[in-house]
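Only one chain comes next, encoded as structure tokens, the form predicted on its own.
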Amino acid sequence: MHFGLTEEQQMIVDTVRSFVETEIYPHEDGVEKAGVVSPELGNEIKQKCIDLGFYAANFPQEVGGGGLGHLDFTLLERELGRGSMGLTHFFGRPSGILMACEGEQRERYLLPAVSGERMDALAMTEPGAGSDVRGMKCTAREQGGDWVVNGSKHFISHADVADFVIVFIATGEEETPRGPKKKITCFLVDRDTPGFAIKPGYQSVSHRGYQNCILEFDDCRLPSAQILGELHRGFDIANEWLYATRITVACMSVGRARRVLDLVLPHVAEREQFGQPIGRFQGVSFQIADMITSIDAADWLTLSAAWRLDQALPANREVASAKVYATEMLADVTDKAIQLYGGMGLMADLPLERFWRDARVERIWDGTSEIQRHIIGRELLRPLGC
């Protein structure tokens, strides 16, 4: 088993890290204070990413993407994890679910998203249906060959800058041995569609500048041509997307944790108490040892899960393990870092309190830690008839 990076993979890591350090870091404090990313800055970052040749690196080359596999793309996302999400969002990574586009949809949505002409957002969560996706109440009923949509979605990331939204909507029910189950269909919805509104969401302590939005549908009429994939089969295309987003959360957590460690090591080597650097105290050095061990463990869990996807091997449990472990690792590492800095760690003069706040949401979105543990337990016990 070979653990080293290829020459191409090292180039990806070096290039993206350099981009984050030179194009993202300088703007982070401004975004923290303003709470938003200006359209001008967002477009500037996007154009620089396009010029670099890394826009839509997760898409196949035949549609204009970078053609990176799961492992290579995970290395890219890990480096982006070092920067502010409000800014790195414009380092374009459209939703891979758009590969399900067919016919005219490819020209209207897939190809413009890959080229950077249009940006997408993905909407599934509702006020009463978070982890219980089948409990969604946003519904569409067929009328004259169209679908009339009513309901709302919330916590929809970066919908404020999206040109269109990929929305999962209940389109009926079917009877199962466990009772009625909603049929889910995926729709492509342009932001200027009549009856569809994108509104500001809630103020979050995590990832300032990375907006969450509320979507409202009021007798919004969508033609059947806006269905992505097959009618009532939205989950078929969602499952692949869920793999990708959970690995993204895991590897970005690893990248952020490594940036935190980069800040902590010089501090404990230079900060003196009782006549010597605090790094010489066992209570400090042991915390550093625990931090790097857990970071490395999360890194390898994540890269291993991505490698399995590249090999077309089952990876549901491995992806869930990476997501739950990496996000909980990040929470622990940021907390330890603040403890080692003492009172200054909580001051806005340093980015540690931001990393600490940002870490909290990682255990919630894209599948809570509880959902990940449910997946892991189910994968292990179901073959035993449990």
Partner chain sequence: MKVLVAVKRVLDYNVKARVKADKSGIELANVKMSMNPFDEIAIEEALRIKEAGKAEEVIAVSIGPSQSQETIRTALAMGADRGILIETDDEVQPLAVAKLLKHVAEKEEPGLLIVGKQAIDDDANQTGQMYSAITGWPQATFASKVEFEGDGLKVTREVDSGLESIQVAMPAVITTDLRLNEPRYAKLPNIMKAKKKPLEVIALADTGVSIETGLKTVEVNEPEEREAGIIVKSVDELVDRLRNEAKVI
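Numbering follows the first chain given and starts at 1. Only a predicted model underlies this, so the values are computations on that prediction, with no experimental measurement involved.
Note that the form predicted together with the partner chain isn't included here; everything after this is about it.
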note = With a 4.5 Å heavy atom cut-off to the partner chain in the model of the complex, the contacting stretch among 322-330, 343-351, 38-46, 52-60 is 52-60
key: in the model of the complex, residue 14 touching the partner chain (heavy atom, 4.5 Å)   = yes
Interface membership of residue 361, the partner chain in the model of the complex, 4.5 Å heavy atom rule = no
ask   = Any chance residue 366 has a heavy atom within 4.5 Å of the partner chain in the model of the complex?
value = no
ask   = Is there a heavy atom of residue 31 lying 4.5 Å or less from a heavy atom of the partner chain in the model of the complex?
value = no
message = Can you list, in sequence order, the residues from 13-34 that come within 4.5 Å of the partner chain in the model of the complex, counting heavy atoms only?
response = 14, 15, 18, 19, 22, 23
